[in-house]
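Alright, two takes on the same chain below, each alone as structure tokens: structure 1 and structure 2.
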Structure 1
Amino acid sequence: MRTHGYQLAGEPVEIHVVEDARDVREFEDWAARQIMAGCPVAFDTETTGLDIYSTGYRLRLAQFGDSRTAWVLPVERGRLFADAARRVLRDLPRIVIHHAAFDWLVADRCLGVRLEQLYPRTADTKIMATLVDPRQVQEGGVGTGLKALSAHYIDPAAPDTQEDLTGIFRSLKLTKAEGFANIPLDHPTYETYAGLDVLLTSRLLEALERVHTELGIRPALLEYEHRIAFICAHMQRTGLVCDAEYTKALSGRLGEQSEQYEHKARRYGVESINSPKQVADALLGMGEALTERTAGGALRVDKPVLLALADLDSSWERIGARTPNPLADAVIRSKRAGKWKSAYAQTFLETLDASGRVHPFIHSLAARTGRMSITRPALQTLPGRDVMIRRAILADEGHVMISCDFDAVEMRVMAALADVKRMKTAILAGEDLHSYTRSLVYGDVDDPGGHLRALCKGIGFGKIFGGGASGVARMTGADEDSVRFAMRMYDRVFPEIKRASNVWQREAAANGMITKTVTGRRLPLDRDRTYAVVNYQVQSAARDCLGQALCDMHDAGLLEFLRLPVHDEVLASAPAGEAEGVARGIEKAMNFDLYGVPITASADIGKRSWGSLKGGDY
């Protein structure tokens, strides 16, 4: 056995590296003592990368530890070590992991210790830290990464061994992506890095348990978040079937489209569509008035500006407010095609497992508000009406796709939380809320093309997402004076929203700039953006509507059919003969009452591809 000594918070700690059968027995004796004492044991893994289901993926090290002792098992070296890790992991009654979803799935795939066995016994320190403060370092928070949290709660000098590892990778002429798969298994920095993670995680649990008690964070909220993490990890493990042949052809078409629109942009003098100055100069030469500037003083020609010039809304639908600028249209279409090729088509192909499935990462607690996100690929960024990318994702053989989407959930949640009387009346009466708002704001006037309705809809979402007059103007194509008038009228017809915002801001100021949500979530406000409290309250409650619905689906035995949570939509795959029953079960879980406001959803049954739910024919 080799041992690395270290100091944490002025105390000596030891990292034991297991080398033979005798060392394995010592490790198992230590684990048995922890079990007898009822102590939680920290667990972590070192692997060849992040794509758990990719071909050739390997678990290299498995680590266990408490606050003073870590054990590093080189499972890549053979069955002796893998079996020991498996036995102990199955026997431990209490496990602590930082970012449990990842290590659950690694253990599930590489050690055969099922996700279902690990979830009930795990405390996730990343979830615990997020419930204390969800902000990242760049947002003014502590952050939710292990090293940042350790420096804050355990030892300001807590080592960032990952930075040391990066230097080792460079000396070995390896990129960061290659390094974790190829660094020698017995490299002392690698072993130390591995062992420190469980030592820090164990100490972090103790610190966060104290903080949770001090702040009065409800154990029920912590249990709820662990359950949602499990449900999302289950969906990630299941994955989605990818139509590889279609995706290969799609990648080629997107590449051609990108080049085609880039060639069109060159006709207007833009040699590089990625040069903001070239694009801005060409647009000015075409007579466009560009007024927005970046922090550095350059004219802004980002996606929102170009969409407005191309007369397109955020869903890439024609607004009808102006004649589309052909250069702006070409630039954004070339960029989108290039992005979709790399971010979706190529990522699907790169991450296919041996059975032809992709396993997107589902982050159950991503945004400050708790909103979920999906990465590799970021499927939640697809426009709502996209068919082309969604066509690549299929239900299982003999299955059909099911989608169930909340109906205007943010607006309904805002009506419920702020007790907006007229809004609640309209919702209960089954009115189209945005048309109803238009009638209140403008009276009985004609609205050819629905522009006034679109403006009222934009203002409603501006209230939720914190968009000012300029943002709503960009989104809707209306001029800023019209937007400001409509916003003033909106506040008059729905005064409860502004009133609730003021109350929430006062409560936050009295609570150290923390607003508490209906589920007890603590959300820090930025002092220069306290108006964002409406966004935080509404977005967080909407997320918890989805979270509770997922828990209810789990209770109803529907988890095996679930594939993805995308914004306010749940995607499922079910045998054609059972699809109706599964759809109705999902629908039932997503229909409930929130403070007298019905939160509703309706399920659609498609054909085999996800794209069929958006109008596709397959």
Structure 2
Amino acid sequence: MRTHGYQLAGEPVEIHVVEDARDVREFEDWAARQIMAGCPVAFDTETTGLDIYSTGYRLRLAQFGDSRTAWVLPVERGRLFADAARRVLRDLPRIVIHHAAFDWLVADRCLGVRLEQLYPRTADTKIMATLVDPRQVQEGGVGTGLKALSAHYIDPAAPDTQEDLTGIFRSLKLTKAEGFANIPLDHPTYETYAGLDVLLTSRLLEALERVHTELGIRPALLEYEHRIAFICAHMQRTGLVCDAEYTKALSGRLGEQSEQYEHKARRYGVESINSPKQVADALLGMGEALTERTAGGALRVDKPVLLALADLDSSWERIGARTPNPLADAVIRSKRAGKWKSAYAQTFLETLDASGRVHPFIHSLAARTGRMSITRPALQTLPGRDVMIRRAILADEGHVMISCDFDAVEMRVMAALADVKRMKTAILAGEDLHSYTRSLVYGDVDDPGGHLRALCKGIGFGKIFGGGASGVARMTGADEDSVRFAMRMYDRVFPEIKRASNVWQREAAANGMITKTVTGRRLPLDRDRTYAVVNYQVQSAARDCLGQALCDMHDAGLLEFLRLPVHDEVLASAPAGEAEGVARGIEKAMNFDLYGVPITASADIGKRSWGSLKGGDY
């Protein structure tokens, strides 16, 4: 056994590297003592990378530890070590992990200790920290990474283990990805940092438990978040079928298209269509007038600007207002094809496992409002209007796709939270909320083309986002005077929104600029934009509507069918013969009462591909 010493917060700690059967026994004796004493044990893994389901994926080190002692098991070296890690992991009554979803799935895949067995025994320090302060360091918060949290709660001098390792990879002439897969298993820094991660996690648990008690964070909220993390990890493990043949062909087609338009743009002097500066210069050279500027002061040449120059509306249909600028047309078409190829088609193919499934990372508690995010691939942001990308994602063999989305959930949540009387009455009466608002604002007038309704809808969104007249005007295309008039009327007919905003802002100011949500979430506000409190409250509570629905689906035995959460929507895959029942079960979980406001959702049953739910024919 080799032992590395280290100092944390002025105290000596030991990192034992297990080398043989005798060391394994010593490690297991230590673990047995922890179990006897009822002490939680921190667990972490070092692996060949992040793509847990890729072929050749390996668990390299498994680490266990408490606040003073860490044990590093070189699992990659053989069965002896993997078996020990498996035995201990199965026996520990309390496990602490920083970002459990990842290590759960690594242990599930590489050690055969199932996610279902690990979840009930785990405390996730990342979840705990996020419930204290969900902000990243760049947003002025404590951060939620191990390094930032350690510096804040344990020892300002704690090393940035990931960053320092990256430096070592560089000195070994390895990229970051190559480094994690190839650094010698007995590299002393690798071993030390692997051990430090569990020591820090163990100490973080102690600190965060104290903070949770001090701040009165409800244990039920913490438990609920762990449950959601489990449900999301389950969905990640299941993954989704990707039609590889279709995706390869699509990727080729998009590549050709992108190149063809890129070539066309080159004729007008644009070498890189992704360089806003080159595009702006070339357009000016063609005599176009560019008036809008970005926040940084550069001439704006984004999609709306280019579409207008190409005489296209937001649906890419000819307007007929001017002669299309051929460069603007070529640039937007090339950019779109290029992005769709690299961000979607290529990422699908890169992340495919051996059985043709993608396993996106579902970060169950990602945004500062508690919203989830999905990466590798970013399945929450697939193009929706054109179904060519969604066509690549399929229900399982013999299954059909089901999606169920909440009806205007953020408007309903706002009505519920702010107790907006007339809004609640209209929702309960089953009225179209935006038409109803139009009638309150404008009285009984004709609304040919639904422009007034659209304006009222835009103002509703403006309220949810905390926006002003100019934002609503930009979104709806209405002139600012009409927007200002409608907004004044809106505040008059729904006075409770403004009132709630004021109350929330006042309460936050009295509570260290932190607003508390109905589920007990702490959401820090930025001092210079406290008006965002309406958005934070509404977005966060809407996220918890989805979270509660996911828990209810789990209770109803529907977890095996769930594939993805998409903010206000759940995607599922079910055998064709059972689809109706599964769809009704999901609907049941997504229909409930929130402070007297019905939250409703309805499911669509599609065909094999995700695209079929958006009108695709397969």
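Everything numeric in this text was worked out from a predicted model, so none of it was measured. Rigid core (definition): largest C-alpha set, two forms, superposition within 1.5 Å. Please note that residue numbering is based on structure 1, beginning with 1 at the start of its sequence.
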property	result
Structure, 1 versus 2, that is the form predicted together with the DNA	2
Rigid-core frame, C-alpha of residue 246, shift of 2 angstroms or more between the two structures	no
Threshold 2 Å Cα movement between the two structures for residue 537, core superposed	no
Core-superposed comparison between the two structures, residue 260 Cα displacement 2 Å or beyond	yes
Following rigid core superposition, Cα shift of residue 440 between the two structures in Å	3.0
